[in-house]
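Below sits a lone chain in C-alpha cells, taken as the form predicted on its own.
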Amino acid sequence: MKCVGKNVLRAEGEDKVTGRAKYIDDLSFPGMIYGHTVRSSVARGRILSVARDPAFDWGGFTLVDHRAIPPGGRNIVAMIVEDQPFLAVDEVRHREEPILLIAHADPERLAEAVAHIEVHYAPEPAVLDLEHATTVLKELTISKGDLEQGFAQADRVVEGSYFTGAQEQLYIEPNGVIAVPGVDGKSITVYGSMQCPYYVQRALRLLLGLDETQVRVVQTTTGGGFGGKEEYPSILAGHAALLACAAGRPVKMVYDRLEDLVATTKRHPARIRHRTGVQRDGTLVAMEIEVDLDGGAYVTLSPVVLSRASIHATGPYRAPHVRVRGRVLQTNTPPTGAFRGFGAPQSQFGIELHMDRIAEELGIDPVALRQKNLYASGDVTATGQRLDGSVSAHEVLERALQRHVKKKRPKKKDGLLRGTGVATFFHGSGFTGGGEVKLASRAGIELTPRNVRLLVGSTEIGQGTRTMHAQIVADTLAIPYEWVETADPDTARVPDSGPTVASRTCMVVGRILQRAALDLQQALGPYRTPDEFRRRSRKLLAKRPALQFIAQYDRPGDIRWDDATYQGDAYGAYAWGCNIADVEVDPITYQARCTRLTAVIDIGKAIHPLLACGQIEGGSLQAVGWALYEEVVMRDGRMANGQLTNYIIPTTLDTPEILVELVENPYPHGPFGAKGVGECPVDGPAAAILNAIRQATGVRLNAIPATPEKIMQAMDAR
C-alpha cells in the first residue's frame, strides 16, 4: 500500500488554511435578503394571537407562518416519527419553538422588527425534567437468559443509579443555510452547513410538496457538526425555503451563537439504573438495566439514540442473564438529538461507574474485575450476537495499563488529592441492526481524462472524509493519491451515500467506494503502472464519455438482525477502547482537573493515522468537558447559560496530556480492515474521570458534570 496507513496531506487542507474555502456566511446571491425566526417564550401553551405593532413600518418585510406552506406540502419535519411541525399552528410544546418567520434586506431593520411582534399565549402546565416525565415516546427491551435464575445464582446484588446531563455540540460554525428559489417558482436550491444533504432534501420535498428533481441541496464547507448538524439543518432549511418562496428572492439564515445554543438539539440527559447479580469471585451472572433518556418535546432521532444506548448498556462485559429496558420520555424542553456517541456514552458511563462500585463492595481490584468479565472472541452479547474476530477488549486494557505505567510520574506534596480511574468500552460501527440495509447507500467513481472523481454523499465536516476516501480508492486502483478528487456533496451530482454519522463513513461508505474502484479496475483490464492506468482510461473514455461506476451497500452474508425482537447481530464490527485518567482535586476550591488521559482504541486499520489520532484526541476532550465543565442550566424550559461566557468548555489550559495508542485488529468487511473511529473515543473518559475522583477523594459521585459544587456537597456530606 502506497497511501493507506500514511499521513498524506489533507485533501481540503490547503483551501482551509489559505482562506479559499467558502463557508455559508461567506456566500451571497443577487437580491438576497435575511431571515429570522420568532420563537415561543413559554414552555407549553396555546397560541391565542400573533400581533404586529401597527405603528411600525412593515414595508419591505416578508412574514410567513404555517399558512404559507403550499398546497401539497405538509407542516411536518421528515424524521422517524411525524410529530414535529416546521411552524407551530395553535400550540407550543417547548421554549424556542418556531412560530413565525420574517425576512428583510437589512439585518438591522430585521432585528428591530422582531421586537415589534408579540405572541399571546394561554400557558399550560409543563414537564421540565426526567424526574417528572411520564409520557413515553419510545421504549424497547433486550433480553438474554433468565433474569430470575441469574439473581438466584448470585452471592450478592449490587444496585446503583447514574445520571448524565445534556451537552452542547458547540461546533465552531453555527447552523446556517441559504435558500434560492428557482426562476420557475416550482423548485428550490438550498446551500448549507450540514452533515446529511439527502436528509434535508427529503424534508424539503415533504414540506413543499415537490419531487426530487425540484429540490437540490448542496453542502458548503462546514465548520464542524458532531451530530448537531444531522437533523436540525432540515428545520432551518425549511424555514429559509418558505421565506424564499414567499419573497421570490434568496434568503440567508445564519444563527448567532445564542440562538444556536438555546434552540438546537443537544445530547440526551440520561438516568441509568443498574441491578447486578455477582458471585464472590467477581463473575457477573445477572444484569438488570433501565435506561431513561430525556427526548424533549418531539421524537427527532431519539429512537435510534435509545437503540444504541440500550445495546451498549452492558458495556463490553459478558453475563448469561441480561435484561435492558430502554425508554425515551417526553418533556417540554427543546428536542434532544444526535451527538457524537449517539447514546452509548450515557449508558457506558453508567456501567463503568457501576463496575467500580461492584469492585469496591467485593473488595476486588477494579481492573481485575474488568479482566474477569470482558468479552472475548466466541462470547455472546445481550442481543445474541456471537463475537467472532476483531474482538480486542482485553488487548486494549492491557496496552492502556502498559502505556500508563510507562509514563508514571513522581508524587507531589502540594496538598492536592490525586486519583486514577479506568474505563473500558466498545462501540458498534455503522447503523444498528438492519439500518444499513434500509439505507441501501450508494457511492461511486467518475472517470475523467486526468483523474478519478469520487461521487459520494458523505460530507467533510472536519474529520477527514475526503482524504480517507481518496486514500482507499488510490490504493485500490494503485494510482497516486493526487489523482483522486471528490465532487462536492450535491444531491444533483452525487448518489445518496447515507448520513455522515454513526462511525460509518470509513467502514461502510469507504467499502462501497472500494467496490466501485474494483468495478472500474475490471473494466480497464490488467495494468501495471499508473501511466498505463491513465492510457487505458483515456481509451475507455473515447468509447464511453462521462463514465461512472456506482456501487451499493452489500450486507455481509453472515449478519442477521430482527428489529422486532432486538435479537441478532447489532453491528458488523465493534471498535474497542480503554481510558485511564489521572485526576487532581483541590480540597479548598473543590475543582477537579484531569491531568493525563490514556486512550487506547482498536479501529481495525488506521487509513490515516494522524487523522485517526486527532479524532481520538478531540473526542476524548469533548468527554472531558462533559465530565467536568459543560453544564446546560435549564430554567423554565430554556437554556439559561446560552453564552460562551457561562457555558464552560475546556480550554487549552484545561486539556490534559492525552496519550493515544492505536490498535489495529482488522475487520474483514471494512476497507483494508478499517472499522469506525469517530464516536468510540467519547464513550469512556467521563467514567474514568469520576472513578479517579472517587479514588482521590473517597466520595462517590453518580452524576456529571462533576462541578466543584457537586464535589463540595459530596465531601461535606461525608
Partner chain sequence: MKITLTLNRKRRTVDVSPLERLLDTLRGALGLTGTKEGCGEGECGACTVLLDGKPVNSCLVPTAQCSGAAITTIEGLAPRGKLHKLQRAFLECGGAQCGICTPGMILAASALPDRPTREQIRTGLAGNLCRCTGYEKIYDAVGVALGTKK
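Positions refer to the first chain, counted from 1. These figures come from a predicted structure and were not determined experimentally.
Keep in mind that the form predicted in complex with the partner chain is missing from the display, and what follows is about it.
Within this chain, L653 lines the site of the partner chain in the predicted bound form, having a heavy atom no more than 4.5 Å away. A residue is said to contact a partner when one of its heavy atoms sits within 4.5 Å of a partner heavy atom; D569 fails this definition for the partner chain in the predicted bound form, lying far away. Although the partner is absent here, L644 lies within 4.5 Å of the partner chain in the predicted bound form, judged by heavy atoms. Using a 4.5 angstroms limit between non-hydrogen atoms, V405 is distant from the partner chain in the predicted bound form.
Using a 4.5 angstroms heavy atom cutoff to the partner chain in the predicted bound form, all of G223, I461 and G614 count as contacting.
A heavy atom within 4.5 Å of the partner chain in the predicted bound form is found for exactly one of M634, L447, L387, L621: L621. Residues with any non-hydrogen atom within 4.5 angstroms of the partner chain in the predicted bound form fall in just one of 689 to 697, 22 to 30, 48 to 56, 662 to 670: 22 to 30. Although the partner chain is not shown here, in the predicted bound form the stretch 520 to 541 places no heavy atom of any residue within 4.5 Å of it.
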